[in-house]
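Just the one chain here, laid out as C-alpha cells, in the form predicted on its own.
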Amino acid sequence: MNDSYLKFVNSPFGARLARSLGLPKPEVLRRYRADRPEFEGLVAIGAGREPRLLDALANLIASIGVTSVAHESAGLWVPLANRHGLMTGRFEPAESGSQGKLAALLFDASGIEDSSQLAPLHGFFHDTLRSLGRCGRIVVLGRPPEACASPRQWTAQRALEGFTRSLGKEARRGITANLVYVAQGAEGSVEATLRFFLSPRSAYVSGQVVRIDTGGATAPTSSAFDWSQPLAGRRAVVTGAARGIGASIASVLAAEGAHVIGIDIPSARDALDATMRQLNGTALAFDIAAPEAPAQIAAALDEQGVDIVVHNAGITKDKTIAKVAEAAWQSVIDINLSAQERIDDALLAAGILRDGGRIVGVSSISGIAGNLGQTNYAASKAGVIGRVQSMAPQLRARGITINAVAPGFIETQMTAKIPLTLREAGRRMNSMSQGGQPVDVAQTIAWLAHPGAAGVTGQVVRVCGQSLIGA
C-alpha cells in the first residue's frame, strides 16, 4: 500500500511546499537491497569509563569493513584499532557541522558504574549527532542492569534506556537508536545483533532494548557461516505464508538460504502454492486451529525436521467487548495464540524442532498497549509475549531460542481497510512519521533466526518506527 503523503513531500515541489508551510517531512527510509553495499561510511566510536566491549567492536568493524573515527571519550580506541589493523582516525568536534559525515555512532557504556559517570554520553552525542547522516544508526552498549553488582551500577545502566529512547525521538531524519545490553561472557556473541542494528535491515526498528545472554547455545564464529546466506542448510516453517507479511517473511528467509515450508489455510492454497513456487519452497495447506493440525504438521515435517518456526498466522475480529460474539472472540484467541502452543508442543515433544533451533512469534503493539475494540486480539498478542517470556528458560538446555516481534502500523491489505483518519494517525504517530513495510518485520525475524543470535532469547522487539503508542 502506498503512502501518498510520504511520496508527495519527498518530491521536489512537495518538499518546497512542506518547508514553506512547516509540514512534517518523513524521510524515505533506506532499506536493504542486495545490489547495494550493506555497510559503508564512517563509524564514530565513543565510550564511558573503563569500556569493556571495545574489543568486540573492533572485531565487528573489521568484519563489516568500514572506517572508524574515535571521539575523545574513546581514548583507548585508536591503539586498539591499530592492533586490529583497522583504518581509523580521530573525530574532531570542530568538524561536526558537516552533515552526513558519519554513518553510525557506537557508544560503549559497559563500564559505567555510577550515575555520576554518565557525562560522557552527553559529550559524545553532543559532538557527533549533527554529523550523523540521513538514515544513520545509533547503538549504545551496556550491561544488563539486573546482573549488575551494585544498586548504583544497576541505576546507571538502567538510565541508558531512557537516554537511548529519547535520542531516537530527537534524531529524526530516518535515524534509528537502539540499546544492546551484553551480559558478561557474551561479548563474542554480539556481531549478528550489531550487524542488524547497523544495517538497512533495521530501518523501522528504533527505541528498542535487546539483551544478549550467555545461556543456551554459543553463537558460532563469523567464519562458521556465510553472512550473505547465514540460513543455508536450515529448514524454516512459516504459518500464514500465502500473502502479506507471511509471504515477505518466507521470501527473506529463503533469500538468506533457508528452505521454507509455508503453511496456510486450504482456501488460500492457490496463493500459497504460488508464493512457495517462487521460493522453491514447500506448501502445506492446513487450518492451524483445527484439533488435528499439530499432528498433521508434525507428520509432514517429521522426516527431515526443522530449525526455525515462525508463528505469523493471525486474524482480527474487532468489536468492543460488549458487542463481540463469543465465537468471534474465541476464534481470534484460538488462531493467534492457542494454535501456536499446540504446534510447538507437538514439534518439541517429537524432537522435530532440532536443538539449537529458533521460534519466533508475531505479536503486536496492541498486545503491549491494548487497543479499542481489540480485547480478543490484544489478549492473544499479549499471550504471545507471555509464551516467549515463560518458555525461554525452559528451552535453554536445548539451545533453542524463542522471541517475538511486535509490529506497529505496517502497510498491508489489512491496514488499507482502516478508515483514513485512523490510518493516517497510525502512520504518523512514531519517530519515523510513516508506516512500516512487511519486509521490516521479515528482516527482524531473519535476525532472530540467525545462527549468530543464539544469545538473544525471551525478547520482544517492536517493529514500529518507535511508535508513541505503548512507549
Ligand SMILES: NC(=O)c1ccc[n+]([C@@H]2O[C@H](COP(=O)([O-])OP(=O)(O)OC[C@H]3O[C@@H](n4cnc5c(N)ncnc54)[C@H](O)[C@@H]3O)[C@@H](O)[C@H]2O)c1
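Bear in mind that the values here come from a model prediction, so they are computed numbers and not experimental data. Sequential numbering from 1, following the sequence displayed.
What comes next is about the form predicted together with the ligand, which is not displayed.
Although the partner is absent here, I315 lies within 4.5 Å of the ligand in the model of the complex, judged by heavy atoms. Using a 4.5 Å cutoff between non-hydrogen atoms, A183 does not count as a contact of the ligand in the model of the complex.
Put simply, G240 is close to the ligand in the model of the complex: some heavy atom of it is within 4.5 Å. The ligand is not shown here, but in the model of the complex it comes within 4.5 Å of a heavy atom of G244.
None of L422, V28, M429, M414 but one reaches within 4.5 angstroms of the ligand in the model of the complex through a heavy atom, and that residue is M414. Residue in contact with the ligand in the model of the complex (any heavy atom within 4.5 Å), chosen from A379, A289, V306, I385: A289. Look at 71-79, 257-265, 322-330, 84-92: in the model of the complex, residues with non-hydrogen atoms within 4.5 angstroms of the ligand sit in 257-265. If you take 355-386 and check each residue for a heavy atom within 4.5 Å of the ligand in the model of the complex, you get V362, S363, S364, Y377, K381, in sequence order.
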